[in-house]
Structures are given as C-alpha cells and as structure tokens.
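Two forms, one protein chain; structure tokens for each follow separately as structure 1 and structure 2.
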Structure 1
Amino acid sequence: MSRWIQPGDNEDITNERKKATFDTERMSAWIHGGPEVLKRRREILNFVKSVDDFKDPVPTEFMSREERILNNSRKVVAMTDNTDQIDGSDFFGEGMYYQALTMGRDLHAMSLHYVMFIPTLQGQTDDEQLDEWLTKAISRAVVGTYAQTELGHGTNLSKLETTATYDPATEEFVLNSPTITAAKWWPGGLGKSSNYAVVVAQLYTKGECKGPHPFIVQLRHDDTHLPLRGIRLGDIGPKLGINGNDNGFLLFDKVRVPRKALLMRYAKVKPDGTYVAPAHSKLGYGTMVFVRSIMIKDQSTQLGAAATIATRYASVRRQGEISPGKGEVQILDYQTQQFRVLPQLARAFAFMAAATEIRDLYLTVTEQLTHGNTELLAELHVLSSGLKSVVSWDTAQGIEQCRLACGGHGYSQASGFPEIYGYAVGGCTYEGENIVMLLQVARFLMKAAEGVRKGTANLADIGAYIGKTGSRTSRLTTHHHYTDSEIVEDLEHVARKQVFRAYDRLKSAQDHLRPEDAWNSVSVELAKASRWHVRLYLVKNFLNKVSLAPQDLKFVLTDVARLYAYDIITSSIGAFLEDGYMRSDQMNEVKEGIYECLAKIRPNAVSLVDSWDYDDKELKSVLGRRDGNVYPALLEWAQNSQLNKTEVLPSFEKYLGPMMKDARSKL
C-alpha cells in the first residue's frame, strides 16, 4: 500500500495509487539516490515544518513585492541560522532540498551571496584577502553579491564599461561608470539587500587597460545601510518571476577603493601601479560544470513538479463522457491528455538522470585532474553547457504543456504553474544564454569533425560517435524488438550526420567568406548539431541508468525511458528519413511505440509522480496537492485575495457606482 494514501483523500486519486504496479518508496529511493537520502529528506522536511519562521502568513502569491522581500528575508535568516540541520558539503542533495522547502521559487536576499559572492572570494582572493573576506561572508557579517553584467553588456565581457583606474598617489582604484550603459544591471540582491559586491571592472593602470578584473567593494554603510558616497543603486523593477529578489542596478561616480580591493589571487597591481599578469590562466571549468549540474537538477525538479501537478489533477478532474451514461471520466483517460503530460514526466526523469551523472563525472574529472589527466575535461565542459541549454528549453516548454493541460485552473496562480514557469524559464537566459551556449558546443563539435576528417581525432566517450562508422540503415524491425543499443545507434547516426552537415557547410562558406562571417552564416545548422549531440547524451545516459535499475522498477522505468526516446525521434522524423536511414514503416513502429508507452504508463502515472517525493510545502500547488481535494482548497485559497478584504471596492465608490446611478436616473 502506497504511503501516499491517507484517510479523507479524494477517492479517484486513492484508486490510482492502489493500481500502481511498483513500490513508490523504492522508486523514490532510486530517483534520489538511495534509502538513506530519503530518510534525510524526511528529517529535513520535518525540521522545516517545525520552525515557525519558515511559515508564510498567507500564500506568497497574494503578497506584494515589498511583502515578499520582507517575508523572504525573515526566512533566509532562519534558514542560514539553522544550517547545522543539513550536511553543508552536500549542496546538490541536502542543500538544494532544504532551500527549496524553506525559500520556494522566489529566491531571496542572499541567493547571490551563496551562489556567486562566496565562491568568487574562494576562487579569486589571495591568502590575506581570503582570511578577511571569507570569514566575514561566511559568518554573515556582510551580505554580498556579484556585479558583472551591465545595462548594455552581457555575454561579451571584454566590452564591459565600468572602469577601475589605479591612482598610485593614494594607492587606490577609482571606480567609475562612464555611461548609462555601464550601469551594473541584474545582480540578485544588489538593489536593496547587499552591502558588499564583487564588481567586475576594466582595470586601468599606468594608462593601460588590462581587461576586466574583480574588485570587492562596499556599497552600503554597515550600520545605516545607506549607499556610500558616489554610489547610486536600487531595484530594477518587477520581472516575469523571482520577484522575491531585489535584482539591482549600480552606478559609480568616481568611487575610491583601496588597492587591496582587487582580488589578487591571479593578477596583481603593485603599490606603484605595476601590473602583474596571472601566472596561470585559471582553471574554472570544474566549478562551472558543478554549477550546471545543480542547474540541471533544479530544472528537472521544476519539470517534475509541473508533471506532478498535471498528473494528479488529471486523475481527480472529471470531464466529458467516453461511454455514454457511465458518467464523466478522469481526464487522464484521454489519449490527448496523456500525450501532453506523460512525455514531460519522462523528460523530468531523463534530466534528473543526467544531473546525477554530470555531478559524478565532475567528481571523476576532478580526481583525474589531480593526476594531470585532462582527457575528459573539454568534452565535459562542453556537454554541461549544451545540457543547460537543451534541458532549460525543454523544461520551459514542458511546464507550459502541463499548465495548458489543466485548462482554466492552470491559468490561476493557485495552480503554482505561473510561479514554476517564471522561475524555470529564467534558466534559458542566465548562466549563459542558450543559443550562445549551443554555439560554444558547436566549436567543439567542429573541431571534432575536423579531427575525424583529418584522421587526427582523439575523442573520449561522449563524442566518440562522431568518429564512428555507423550502419547506413537503421536495424529497427518492430518497436517490441527495438533494443537500447539500436536506439542509441539511430540517434548517433542523426547526430553525426548533422555535425558533418554543419561542418561541410562551414567549410564551403569559408571559401567565400571571412571565418567569422562563415560561422555566422551556418550558425542555425551549428546550433542544431549541438542539440543532437546533447539529446543523444540524454537518451543514452537515461537508457543506461534504467538498464541498471532493480528488476521491480526496471519494467516501468523502461516504459518511461522508451517514451522519452520515442518522443525525441518522432519529433524530428525528417532527420531519420531524409538520407534513407530509416524507412517510414520503421518510423511508424516508433509512433506505435509511443501509444503503447502511454497506455502502459497510464495506470502507474500517479505513483510515478508520487515517487518524486514532493511534499505539498515544496510543490506549492492547490491543483497538485497530495490528497486530491482540489475544489474546496481552491475556494479556500481564493479567500486570501487582496480584493476580498473589502466587500465594496473604491472602484465602485469612485467610478462604477456613479456611472450606474447617473444612467439609472436617466432611464
């Protein structure tokens, strides 16, 4: 009997849970990394539920921005007061879960403090600076952020306009924003919460520009929190999501900071202004890979939440009759509904598998690096950039599919979807805009293709398919006999074909264009190649992980993994047919395979989403609540509306009432 069943639950959702052909507890353990992890999740959950400071006085959807900021600041102080409750070294596991439960999807005043400010100090300070600043940051004596992006400048760091000019007379740097477009813009917590920031500025000394460098700068007074002289800053206004964070702007008017404000682990400026270039270029790949594995887990968690809401709601919502006279059916029984929702669930599984794998690969690479082995490094860096791009886009699309599948109620903030979407879709843009990321992946793929053509390629596992000579036709017979390795071969073929299509077009464009123009002229094809490279990895990794699952879970996971793979294949039919690699009867087999997967997953759908182990506190959705008692909860939720605080609004008193009265007097 599923632990998700409780007395008083909606009968339909209980019946769904009784139908499951596997044990949700064992599936949860498989998804999250073992029974010990589950046990820790529940300890953390119970702790969070026991602390009053983590409770929201009303659902956050009803709060103004000012109220959200205040509410979140209370919670983040409580959260960081209690970090002894979790294993701080396990951010991927316990840390992310603890933060999700306490802070939700609105982020908070100290998001950048932990994600960017502290890691930058750890990576960029010399020993003396580290002692001073890391102590202050970790003890929460200061709240910091990371100010790099400017109003007019994002990806291209070399064109940042903020300057830091060294004055040897006073041994100070002068920070200045020469134009409006030089305003720092977007950093989280910069507007109102932070009193310190790492500011990236063009370093000038002895009349020469040495490029962008990081400086630690105090922005607000320790006691009064007022901006220091020459500093103008504030909130940049409401956004599509994450409105509990005060993303800010910052302008400097010749602000003087000491020489030691420059973080000097690599580059240094001596008191006389002599610039000392960094001895080694920094090896930042590893951290970026780790950050992206966290992002991918986060995206997968959001998509899983959306699929959970849509699946549970579709099990309690009844509408329309399939058999006349037999009453309205659960909308989850409609094939179109299954077709909209279940592939999103499959994607969430695939992305979670990738997130875990990338985290583990990161550990392997870190270990290899200590032995001077850099074999996997470049490919792994490239893969994580590509994954970030494909996963964030598919997640955003998938969340909206789940929302639309809930009809009108999906549009209400009661559903949780608007918040989930607003939060998750930001991932398409931050940490490297998706198209820019895909084009970085393409640089690697083009080098690999060139290596293969010239016979000099040395490709590790992730890119090995580029150098393989595959079959010229698919070995698929019927979908019942379609093996994992055949699926992977078929995706390898398509990925390889697109890599070389892009490569050949690039070479031929280079015949008559300068290299940069040639690159631009084939960039759509390059981005496509990168997407296939990533999809191949996602499918291969997921199939592999499922093949290693315990037998009692494997049969249902296989349905999920097949649905994921078949959905990718049938979404790009042309890619498999255009060179005669697959025949249309073979493709029809894959299409049939989808319908079969949908039918097989249907009875397990609710238990599959239960296995993701979302507590209602994490899910934050009236439609997706565990007990399925959606309708009374919607009515109760709506009572919180700001508009319901007053029976007769000023809009009637001032405008609508007089209008109607005047009209009545003339009838």
Structure 2
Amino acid sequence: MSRWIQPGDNEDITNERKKATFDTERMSAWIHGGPEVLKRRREILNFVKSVDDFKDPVPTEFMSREERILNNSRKVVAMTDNTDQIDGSDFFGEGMYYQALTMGRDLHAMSLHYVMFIPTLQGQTDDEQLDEWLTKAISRAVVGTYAQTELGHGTNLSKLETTATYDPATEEFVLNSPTITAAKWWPGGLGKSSNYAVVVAQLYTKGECKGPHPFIVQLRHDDTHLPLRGIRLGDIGPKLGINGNDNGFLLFDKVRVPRKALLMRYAKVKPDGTYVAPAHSKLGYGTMVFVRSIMIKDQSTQLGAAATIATRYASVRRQGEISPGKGEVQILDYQTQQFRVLPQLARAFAFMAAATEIRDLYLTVTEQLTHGNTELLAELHVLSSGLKSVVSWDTAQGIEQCRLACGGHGYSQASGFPEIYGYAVGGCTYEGENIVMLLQVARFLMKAAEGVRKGTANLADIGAYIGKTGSRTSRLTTHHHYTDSEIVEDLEHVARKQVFRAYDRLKSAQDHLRPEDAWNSVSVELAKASRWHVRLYLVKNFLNKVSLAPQDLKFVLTDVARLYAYDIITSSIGAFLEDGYMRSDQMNEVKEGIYECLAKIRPNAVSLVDSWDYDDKELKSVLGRRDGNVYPALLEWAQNSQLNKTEVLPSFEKYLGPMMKDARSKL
C-alpha cells in the first residue's frame, strides 16, 4: 500500500492513490536521484519536524512584516546552528531542501550570505583573502550580502555607477555613489541584517575605468551594528512576495577601504596602481551562473508544488454533474481541468530533468576552471541564461494556471498559491532580466548561424541542429507512432528556421543601420530564436532522461514527456504549419496525442504528484494537504485571523455602527 495512504484520509484521495499503476516510492527515488537521496530527505524532514525552534507560532500569512523578519531571523540562526544534520557540500540537494523545510517560501537575513557572499569569496579571492574571510563567513562571525544591482541599473553591469577610485598615496580605494541612481537597491539582507557586503563598483586607477569589480566592504559596526561613517543604508519596503527578507539600499559618501578589499583572484591592482587584467574576461561570471543554475531547480520545485496542490484539490473537490442524476464529480474528471493542470506537472518534470543536467555541467566547469580551462564556460553561460529565462517564465504562468484551476479557494492565502507565485515570479527578474537573458543566448545563436553559413561552425551537441539540413516535411504519421527522434526533428526544424530568420533579418538590417541599432530592430525575432533553442533542449533532454528510466516507470513517464512536447508544439501551431512543414491533419494528430496523454495520466495524477515527496510542512497549503481533508482545515486556518480575536471590531464602534444607527433612526 502507498505510504501516502493513512487512516482518516479523505475517501476520494485515498481511492485516487489506489488507482496508481506504478510504485510511487520508486518514482520519488527517480525524481530525486536515487533511494539514498530519498532516505536522506526523510531523515532531514524528521529532524526539522523534531526541533521546536523551526516551528512558527502562527501561520506566517497572519504575521506582520516585522514579525516575519524576526521569526525568520530566529529560525535561520537555529537552522545554521544545526548544519551538521546535512551535507554542507550538497547545496543543490540537501542544502536547498533543509532551507525549504525550515524557512518556507521566504528568504531570510542570511540568504545571500550563503548563495552569493560565500560563493563569491570562494571563487574570486586570492589565497591570502580566502584565509582572511572564508572562516569568518562560514562561522557566521560576519553576515554578508552581494550588492550589485543599483537603483538605475540592473542587468547592464557595464553602466553601474558606484565608483571605486584607487589612491596610491594611501593604498586605498575610495567608494562613492555619485548619483541617486548609483544607490545599491534590492540586495537581500542589506537593509538591516548584513554587516558586510561584496560590492560591485567601477574600478578606477591611474585615471582609467577598468569596469565593474567586486570589493568586500564592512557596512555596519561589529558590536553596535550601526552604519559606519559615510554609509547610508536601509530597507526598501514591502514587495510582491518574500517579505520576511530585508532587501535594502546602500549609498557611499567617499568611503575608504584598503587595496586588498578588491577581490584579486583574477584581476589585481598593485600598490602603485598598476592594473593586472584577468586572463579570461568571463571568469568573474561564475557566481551568477551558480545562482542561475540552482534557480532552475528551485523553479521546478515551486511549479511541482503548485501542480501538487491543484491536482490533490481537484481530486477531492466535487462540483457539477457530467451525467444528470449520477451525483457531483471530482473536478479532476473534467478534461478541461486536466488540460489546465497536467501540462504544468509535465513542465515541472521537464524542468527538474534540466536542473540535474545544468548542475552536472556547472560542477564540471567549476573543476575545469581550477585548471585554467575555460572551454565550457561560454556554453554554460548561454545554457544557464536561456534556461533561467524560459523556466522562470513558464513556471510563473503555470503557477497561475494552477491557482485558477482551484477556483475561489485558490485566491485565499490558505491555498499557498499567492506565496508560491510571489516567491517564484521574482525569478523572472532577479539574476538577469529574462528578455536580456534571451538576447545573450541570441548572440551565441547568431555566431553559430554565421559559422554555418561560412562553413566554419564547430557546434557542440546542444547547438548541432543549427548546422543540420533536416527534412523539408515532418515524418509524423500518427501520434501512436510519433517517435522521440521525430519529435526532436520537428522541434529542431522550427528552432533552426527561427534562428536563420533572425540571422537573415539581422544581416539585412546591418546593411543600413549601425550594429547596435540593427540588433535592436530584430530583437523580437532574436528572443524567439532563443526560446526555441531552449525549448528544444528541454524536450530533448527530458525525452532522453525518460528513455533511460527503469522499465516499470518508463511507461507513465513517457506519457508525461509526450504531454510536455505536444503542449509546446500545439502552443505554436503556425510555426510548424509554415511553408508546409506540417499539414493540418498532422497537427490534429498531435492534438489527439494530448487528449490521449491526459486520459492515460488521469488515474496516475495524484500518485505522480505524491512522487515529488512534498511533506505538508514543505507544501504549506490547506488545499494541497496530504490527507485531502480540505474543508475542516480551511475553517481551522481561518481562526488564526487577527480579526477573529474579538467578536466586534473597532470599525463597527467607530464607523459602521453609528452609520446604521443613524440610518435606522430616519426610517
């Protein structure tokens, strides 16, 4: 019997679990990387549940912002007091899971300390700086953040306005914010929590600007925590989500720091002001690539959670009759509900598969960089940029679809959707605005296209399709015989066609425009090319991963993978029908394939979401709770409202009561 079935559960959700045609536990192990990883997840979960300091006094939805920040700070200290419970080197796996269980869908005073500050120290300090700072950071003797984004500039790093001017007379850099728009803006924990930061500033030496460089800077006094002289900083106010974190602003007024404040693994400034450039111009991108890499897994986890909530709720919510007189049906029985929710689940599976691959590639590149090998760095940057953009956008849209699929209750914070959306949608902007990321990918694609046209292309596997000739028409006969290779060929055709459409338009525009104006004039087509490049990768990678799955899981995973691919194809019908590559009857076959996948996934839907192994503590949703007992739980949750602490509110005594009394006196 499924471990997800327990006495007292809602009867409908229990019956759904009994329908499963696969072993849920084996699917969980496949998703998360094996039985041992799954075992460790359960051990970490049991530990977190056993520690009182990790528990919230009331649901966080009912806390004020000040209460949330205080509560999160309490929990993060407890969490980092107990890091011996996890493998600290496995941030992708145990670290992210431990934090998700402890902090929920919120950040905390030390989020950037661990995700940006420490990795930057590890990646960009020289040996002497590493000895000085890393132990302090890991031991929590200091709390750091990463201050790059400014009020006036985010993605365009070359135009950051904060300056660091070297003074050889004192061997110091002078940090300054010359304008309001030079204010650092958005860094997590900067407002009130961090006392140190890696600050990215334009380096000036010997009268020349050498571009943005990272500096480690003390912001607040070690004991009093007051801002140091010349430093102005604070909280930027409430946001759409993640309000348990004090995102901050920072301005410098001619603040002096020692020469060794410049992180010098790659670029250096000698005592006399001589600048030594890094051997490779892209080496400093490592930290940002790392963050984008883990973002992909985080986004897939959030979309998986949304799909879990919507699927479980749809299995216990009964509404309307399909056959008159037969009683109300589970809303999951409606094909329209399946069409809304199940493609989001398929996306989550595809994104998790990509997250695993990007993690492995990141670790490979990190190892190569230690030996001075930068061969894969550009490819990783392109892949992580494109995946970050497409995955975060599709995740945000998917979460909203899942919310809408839950009707009125999906609008309540009890559902978990507002928090999931507020947390995940930020990923469309932070660590690189999505459209800008797509245009970075496009530069790689245009270079590849030019190489193909000139016969000089040397393309890795991910871009090899650009150099293929390909068939003039789709080989699809029926959806029952639509092979993985044929699906990939059809996607390659559309991706390749869009790449060369953008390339040809760019070359034409360059005949009469300056290069930068030509690029801007075709930027919509360039972004489209990048999206197809990434979606092709996602489908190809997912199909490949499923082909290697155990036989007893492969049959249901094939339905999920096909649904993902078919959904992409039918969402862009015109691209496939263009120039007669596909016929309308072939496209109808793909549509029929979608409906068949929905029908085949339907009896396995609840067990598929169970396989993601979300405990109620991680899911944080009344609608998506494991036992399916949604309605009594909603009523219980509502009792936490501050408005229910008294029967009569001051608003009645002061305004509504007098209004009604006055009106009655005049009747």
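Numbers follow structure 1, counted from its first residue as 1. Owing to the predicted nature of the structure, the values given are computational and were not obtained by experimental measurement. Take the two forms, superpose them, and find the largest set of C-alpha atoms that agree within 1.5 Å; that set is the rigid core.
Q: Which of the two shown corresponds to the form predicted together with a further copy of the same chain?
A: Only structure 1 fits here, because that chain is the form predicted together with a further copy of the same chain.
Q: Any chance the CA of residue 296 moves 2 angstroms or more between structure 1 and structure 2, core superposed?
A: Comparing forms between structure 1 and structure 2, the residue 296 CA shifts below 2 Å.
Q: Using a superposition on the rigid core, decide whether the Cα position of residue 581 changes by 2 angstroms or more between structure 1 and structure 2.
A: No, because once the rigid core is superposed, the C-alpha of residue 581 moves less than 2 Å between structure 1 and structure 2.
Q: Core aligned, does the CA of residue 259 move at least 2 Å between structure 1 and structure 2?
A: Yes.
Q: Enter the rigid core superposed C-alpha shift of residue 366 between structure 1 and structure 2, rounded to one decimal in Å.
A: Reported C-alpha shift between structure 1 and structure 2: 4.2 Å at residue 366.
Q: Provide the displacement, in Å, of the CA of residue 128 between structure 1 and structure 2, taking the core as the superposition reference.
A: Displacement of the alpha carbon, after core fit: 2.7 Å.
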